[in-house]
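Take a look at this single chain, the form predicted on its own, given in structure tokens.
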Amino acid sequence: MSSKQTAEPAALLRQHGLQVTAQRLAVMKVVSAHPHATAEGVAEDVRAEIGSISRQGVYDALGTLADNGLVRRIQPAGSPARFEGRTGDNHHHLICRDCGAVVDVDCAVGAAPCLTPSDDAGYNIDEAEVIYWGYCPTCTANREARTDN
């Protein structure tokens, strides 16, 4: 969670000029408690928290929060978008190819954008998004156990 997110969620919404709603507060709480959750996972947890909310209501809240920098959307190739409360630090992710577990990894080198491309094509780069793919320790052990048999 970024330093921006240490403030109370209602205050953060107000600071960004957003209306404080039960839906937005619940979505922020769920994303904070369950980093890297999919929108569907967020919707399930929000429903458990506040009762009825449409899938579209959750998607709208996630979109608004992401657009305002209150949550971060990551979109790994071949996977649904995931959401987290850790924003503003340009960290990266490890993703397990078997179970889909996602783990935060700090910048590879220095501060944002962390990496410098060989040719920036004239762009003013301010962020690098890196996803490392592999196998988590549990899946690695399971794969090794299968090959040992």
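Being a predicted model, the structure only gives us computed values, none of them experimental. For every residue, the number given is its place in the sequence shown, counted from 1.
Only in words, not in the display: the form predicted in complex with the DNA, which the text now covers.
Contact between T138 and the DNA in the predicted bound form at 4.5 Å, heavy atoms?
Looking in the predicted bound form, residue contacts with the DNA do not include T138, since no heavy atom lies within 4.5 Å.
Check whether A128 has any heavy atom within 4.5 Å of a heavy atom of the DNA in the predicted bound form, and answer yes or no.
No, A128 sits far enough from the DNA in the predicted bound form that none of its heavy atoms falls within 4.5 Å.
Examine C96 and determine whether its closest non-hydrogen atom to the DNA in the predicted bound form is within 4.5 angstroms.
It does not: once the DNA is placed as it appears in the predicted bound form, C96 has no heavy atom within 4.5 Å of it.
Give a yes/no on whether A81 approaches the DNA to within 4.5 Å in the predicted bound form, heavy atoms considered.
Within the cut-off, so yes.
If contact means any heavy atom within 4.5 Å, which of 98-106, 46-54, 28-36, 120-128 contacts the DNA in the predicted bound form?
Of the stretches listed, the one contacting the partner is 46-54.
Taking heavy atoms and a 4.5 Å limit, what residues of 21-38 are near the DNA in the predicted bound form?
In sequence order, T21, Q23, R24 come within 4.5 Å of the partner.
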